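Shown next as structure tokens: one chain only, the form predicted on its own.
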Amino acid sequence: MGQKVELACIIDDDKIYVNLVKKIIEIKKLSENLLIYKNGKEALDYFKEIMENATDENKLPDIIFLDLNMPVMDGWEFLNEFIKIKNKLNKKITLYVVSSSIDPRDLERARSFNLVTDYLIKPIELKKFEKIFEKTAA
């Protein structure tokens, strides 16, 4: 695995899941850095701040893992807001919806957003997780 993802982002309020993913990323050295937000609003505020201050685009993640069910601002609300600002960002960001929901309606709804690369069901298999990072880094 030559290239690495510079910056990954997890938007999820499940501490156990977040810690597990964080450990996997560290152990497998899948990403240089990691941003973690416990709801969509925190993440959105961060993205907007970078845009407004025209700060370094490198502070934007290469890949986002977005949970659907969170307090304050859930994954659906985040997607609706992120669509509005995504075109103003000069960086290609790969976004995966990660959820424990196996409801086909959620799957369909997530895939209706063209910025969603795929819908992953928790828990994500390690091999699949590594492949996602390899694909993003390539």
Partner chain sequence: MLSDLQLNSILEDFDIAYWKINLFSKEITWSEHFNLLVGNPEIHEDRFEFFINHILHPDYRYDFRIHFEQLIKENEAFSFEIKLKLENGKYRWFECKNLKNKGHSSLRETAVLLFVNIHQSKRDQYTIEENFFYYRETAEMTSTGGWYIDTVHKNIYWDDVSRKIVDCPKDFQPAYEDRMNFYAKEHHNRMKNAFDKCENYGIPFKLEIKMVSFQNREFWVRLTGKPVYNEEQEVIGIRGVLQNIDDNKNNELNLQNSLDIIATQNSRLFNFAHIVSHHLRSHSSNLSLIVELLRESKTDRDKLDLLANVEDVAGNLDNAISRLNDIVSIQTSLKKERVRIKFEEAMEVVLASISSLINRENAKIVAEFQDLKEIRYIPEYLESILLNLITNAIRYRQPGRKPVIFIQTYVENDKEYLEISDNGMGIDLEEYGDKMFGMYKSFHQNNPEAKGIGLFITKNQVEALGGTISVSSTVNIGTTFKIQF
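Residue numbers count along the first chain shown, from 1. The shown structure was predicted, so the numbers you read here are calculated from the model rather than taken from an experiment.
The same protein also exists as the form predicted in complex with its partner chain; that form is not shown, yet it is the one meant from here on.
Taking non-hydrogen atoms only, residue 118 never approaches its partner chain to within 4.5 angstroms in the predicted bound form. Looking at residue 88, you'd find every heavy atom of it more than 4.5 angstroms from its partner chain in the predicted bound form. At the 4.5 Å threshold, heavy atoms of residue 32 stay clear of its partner chain in the predicted bound form, well away from it.
Its partner chain is not shown here, but in the predicted bound form it comes within 4.5 Å of a heavy atom of residue 124. The candidate spot formed by 43, 49 and 114 is out of contact with its partner chain in the predicted bound form: none of the three has a heavy atom within 4.5 Å. Contacts with its partner chain in the predicted bound form, taken as any heavy atom within 4.5 Å, map within 79-112 to 99, 100, 101, 102, 103, 105, 106.
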